[in-house]
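Here you get one chain, nothing else, as structure tokens; it is the form predicted on its own.
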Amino acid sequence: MTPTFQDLFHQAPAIEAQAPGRVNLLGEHTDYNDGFVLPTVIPQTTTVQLGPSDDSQHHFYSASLNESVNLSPTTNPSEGFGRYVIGCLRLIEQRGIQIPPLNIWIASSIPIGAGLSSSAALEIAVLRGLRSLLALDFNDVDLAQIAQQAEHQYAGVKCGIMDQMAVSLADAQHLLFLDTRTLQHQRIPIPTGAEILVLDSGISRALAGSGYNQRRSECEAASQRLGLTALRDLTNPAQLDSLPPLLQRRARHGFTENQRVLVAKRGLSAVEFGQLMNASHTSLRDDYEVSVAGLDCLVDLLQHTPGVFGARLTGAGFGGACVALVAAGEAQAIATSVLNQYEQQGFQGQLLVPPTSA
């Protein structure tokens, strides 16, 4: 049986805070190119409970991992979930705010490693808890920026700002349009008559890290050749003709993906939005080359299932999850049908959103 905060620390928590996971519907691999993205949050959440420690140490416990981290006020963990937590504390301290030794208990229903931003949810939940506990004057954008820096400086992940902004600002009824350069953001309703379905392909994202870094460098190389600060600044697709074939494909994805997000921002029917998702997957598969056979199989099955408006891989690619926009009320039935067909093709996937317990 999982120990509670009170079991571990022999007192009730002073504060409880939560943050959701997220899924990205359009705008993949554009955030590190200063582009546009369109994520939303998912029902699964991370919960943190905080209270003062009765000794001079910080004590963190993850119920999901059944792991504990105990730290003096000046030490930092070199690996594991504690890096994300301590990063948030250290960055608050760097702003001149004193943080007392804390007990922090963490539980999460967000699948780890599925591309649904379990790390961003942990960071935002911790920061929301600290904001309440210490009465900090930080808004939701501030929390997202601190969380991104925690990931950069303490977890060693040079992520864009999309995950933290989505987790901090989005809600379940809307998509969050975000300009990752200016942080201008706007909530857009999910298309009428539709809901979101997320399936795990069951394929490990073993190449996602190296592939991500390689794609990022290719985009930087394309921007330099074109004399641009970032691919976001490409306005004339004819400029792509001057690039070598590989960089041309990478830059074309960046340009067309940004255009898809900007079109979706205007507000579309579910059918029109689904067509953009289908085009996004084709671009990620052919121009950005981050899909794999299993993902393509799962997306193809989704796209050819009645009640599915559109589907694409979501996240870094090379495995992980697919997201689909489907007719409201039909997600569970569609998931059952598609996963059965997917298994007949030799793969083993699972339903992530909506959660099976929902």
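Worth saying up front: this structure is predicted, and the values here are computed from it rather than measured. Numbering starts at 1 and runs along the sequence shown.
In what follows, reference is made to the form predicted together with a small molecule, a form of this protein that is not presented.
Shown alone, this chain has one stretch from 292-300, 44-52, 31-39, 322-330 that lies within 4.5 Å of the small molecule in the predicted complex by heavy atoms: 31-39. Within 4.5 Å of some heavy atom of the small molecule in the predicted complex lies at least one heavy atom of residue 212. The shortest heavy atom separation between residue 279 and the small molecule in the predicted complex exceeds 4.5 Å.
Contact annotation: residue 82 falls outside 4.5 Å of the small molecule in the predicted complex, judged by heavy atom distances.
Using a 4.5 Å cutoff between non-hydrogen atoms, residue 316 counts as a contact of the small molecule in the predicted complex. This chain is displayed alone, yet in the predicted complex one of 191, 87, 160, 274 has a heavy atom within 4.5 Å of the small molecule; that residue is 160.
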